Ligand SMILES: Nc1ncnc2c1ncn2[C@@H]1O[C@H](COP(=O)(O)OP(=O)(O)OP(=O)(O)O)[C@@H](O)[C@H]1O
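Have a look below at one chain only, the form predicted on its own, in structure tokens format.
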Amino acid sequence: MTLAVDVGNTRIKAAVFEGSTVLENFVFEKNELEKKITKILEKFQNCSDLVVASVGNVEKQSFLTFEKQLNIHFFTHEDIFPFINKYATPKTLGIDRMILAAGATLQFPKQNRLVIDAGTCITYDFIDENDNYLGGAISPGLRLRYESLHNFTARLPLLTLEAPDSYIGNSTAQAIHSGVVNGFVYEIDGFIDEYRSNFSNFIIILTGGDAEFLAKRLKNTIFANSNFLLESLNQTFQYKIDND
């Protein structure tokens, strides 16, 4: 069994895998890491590997607490990935984006793939049908958009995510919801349309915490999987074992 852990900007997500099968998913705060992993390992005592992809600020020592119980693997830019990285600044490419690109490459071979990860930030990552990672885009996520309207204006309230009643907001609150949610959807559809106009044999993978909320609002046909990063982390680890 493998315990895959994704340390994000906001929270930590984890999953226990037996082969490619997810046995259980977990979501917890960063300050709960050691306590939660201890409980997971008590429940799944056959875990032999802990695989970590981190973009958040969590000390490695927190994971190394468990090194006597299982093998610990931290993904870095030096690891083997199933794509050719053509990013102009490859060392600055986030490990989470590399894991997503690897998962898309392994799960959808010989296709043009666009991975859209809607979390704290929304990231777009494009891997062509020849397994070249070409880059993408980074934009504020839904929560950041709500927070920026509140933090950088004098009077706009801080709202939480809500589906707008109409694209015409008839109150300040509805205008904010319309601007944030519809603007987000139009952005994603716009990017997808641009990629579609330039590439055929194309698949779009939507993931991240806001994936399910967004999936039914996009006009484009997509493959939505909020667990795609953890699945990709497990797949990339298996790929690494097979190719070391």
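What you see is a predicted model; the values in this text were computed from it and never measured. Residue indices: 1-based, along the sequence shown.
Separately, the form predicted in complex with the ligand exists; it is not shown, and the next lines address it.
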Subject >> the ligand contact in the predicted complex: residue 9, any heavy atom under 4.5 Å >> reply: yes
Original post:
Does the 4.5 Å heavy atom contact test between residue 116 and the ligand in the predicted complex come out positive?
Top reply: no
Original post:
Is residue 179 a contact residue for the ligand in the predicted complex, using a 4.5 Å heavy atom cut-off?
Top reply: no
**OP:** Tell me, yes or no, whether residue 143 is in contact with the ligand in the predicted complex, where a contact means a heavy atom of each within 4.5 Å.
**Re:** yes
Original post:
Using a 4.5 Å heavy atom cut-off, which stretch among 117 to 125, 78 to 86, 163 to 171, 101 to 109 contacts the ligand in the predicted complex?
Top reply: 117 to 125
